[in-house]
Ligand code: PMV
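In the form predicted alone, a lone chain appears below as C-alpha cells.
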Amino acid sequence: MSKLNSTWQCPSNIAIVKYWGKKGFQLPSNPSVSFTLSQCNTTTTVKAYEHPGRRKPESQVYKEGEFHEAFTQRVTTYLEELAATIRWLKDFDFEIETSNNFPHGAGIASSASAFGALALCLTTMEWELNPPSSMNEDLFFRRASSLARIGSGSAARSVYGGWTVWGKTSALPESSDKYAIKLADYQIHDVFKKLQDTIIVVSDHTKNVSSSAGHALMYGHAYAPRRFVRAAENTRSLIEILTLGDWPAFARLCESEALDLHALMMTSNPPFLLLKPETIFWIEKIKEATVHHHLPITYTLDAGPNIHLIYPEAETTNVRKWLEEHKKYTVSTQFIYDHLGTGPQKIL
C-alpha cells in the first residue's frame, strides 16, 4: 500500500487591491494585488494512504491537534472537487494536521495560508506520483496556485513570496484568472521591497460573515459592475506605483481600496458592518499622524475589523514608538509585527 507524506509552511497575504466577487468556478470578478507576509503562517502536514477502488477521496483534519469536523467537511468537499479532474486523488484517504500562529477567522486571511499549504502538499505528492518531464519551479508553484484557488481564492496568492497578482489584467500579459503570478524583482521599487505590516488586532473573534458568503453577496449588488472596473483600474495603477516607488500614491490607493471593500459589505443585502469602534479610532489616528506629523504610514483592512498598518522598513522605530504611545487608549488592542515575506517553506 502506497503512502505519501508532505509538510509545508505557508504564509498569509494581505491584498492591497481587493478581490471581492466571483464568477464561474472559483474565478475572480476582478484582478487583485497582494504581498505575502512573513510571520503569520499555517503549517500543514498531509499523509495520504492508498485506498484504490473508492469513487471519491476521504479526509480527516486535525487542527491544533484536535479533530475539526467543520474543516474536515470543507476539505473533503475541496478534495472531491479536485478529484473530478485529478484522478489519483480518488485512490487515497487523507489525514491532515494543520495549525496557524495567528487568530483564525478574524480577517487575517487564515484560509489563504491554510489552503495554500494544503495545495503545496498536494502538488508535492502529485509530482512524486507523476514526475513531470521538466522539474520547473515556476510550473510547480503555478500548479499549486491553481489548486489553492479552488479552496480559497486568496490562497492562489499565498504560494508565492513578495508581490503577487491574481486575475487577468491588461498590465501583465502572462496574468490569469486561474492562478496567481509573482511580480519580478525589477518591477518593485526598493521602497516597496521591505514593507512592514503591523497588524492591529482589535478583535480576535471569528467574524460574523464568512468570506465565501461575502463574495456571494456581490451577485446582483448595485455597485458591483463599477467596483469591478475600478479594481481593474487600480490594479494597473498599483503595478505602475510599485515600479516608480510613489509612496503618496500607494497610500491613497491602499486606503481607498480598504474602504471600498467595507462599503461593499455595508451596502450588500443583507448588509454587514465588520468595523469596530477601535477600528475607527485607529483609522483616525493614522490619518492624524500622516497629516500633522508627516509619518509615512498607511493602512488596509481585510474582511474583518483588524487593521494592517503598512510602512517602510526605515520607519520601524518611529512607528513602533507611535503605536505604543496610542495603545493606552485601547487597552484590549494587540499588535502582530510582521513584514513582507519570502514565501512558503517546504518542511518535508
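Numbering starts at 1 and follows the sequence shown. The model shown is predicted, which means the values in this text are computed figures rather than measured ones.
The following text describes the form predicted in complex with the named molecule, which does not appear among the structures shown.
- Exactly one listed residue, out of Asn234, Thr164, Ser145, Ser111, brings a non-hydrogen atom to within 4.5 Å of the named molecule in the predicted bound form: Ser111.
- Partner contact region in the predicted bound form: 154-162, out of 247-255, 154-162, 175-183, 80-88, criterion any non-hydrogen atom within 4.5 Å of the named molecule.
- Contact check for Leu261: a heavy atom falls within 4.5 Å of the named molecule in the predicted bound form.
- Taking the partner from the other structure, the named molecule in the predicted bound form has a heavy atom within 4.5 Å of a heavy atom of His215.
- The named molecule in the predicted bound form comes within 4.5 Å of a heavy atom belonging to Ala15.
- In the predicted bound form, the named molecule lies farther than 4.5 Å from every heavy atom of Thr198.
- Of the residues in 285-305, those that come within 4.5 Å of the named molecule in the predicted bound form through at least one heavy atom are, in sequence order, Asp302, Ala303.
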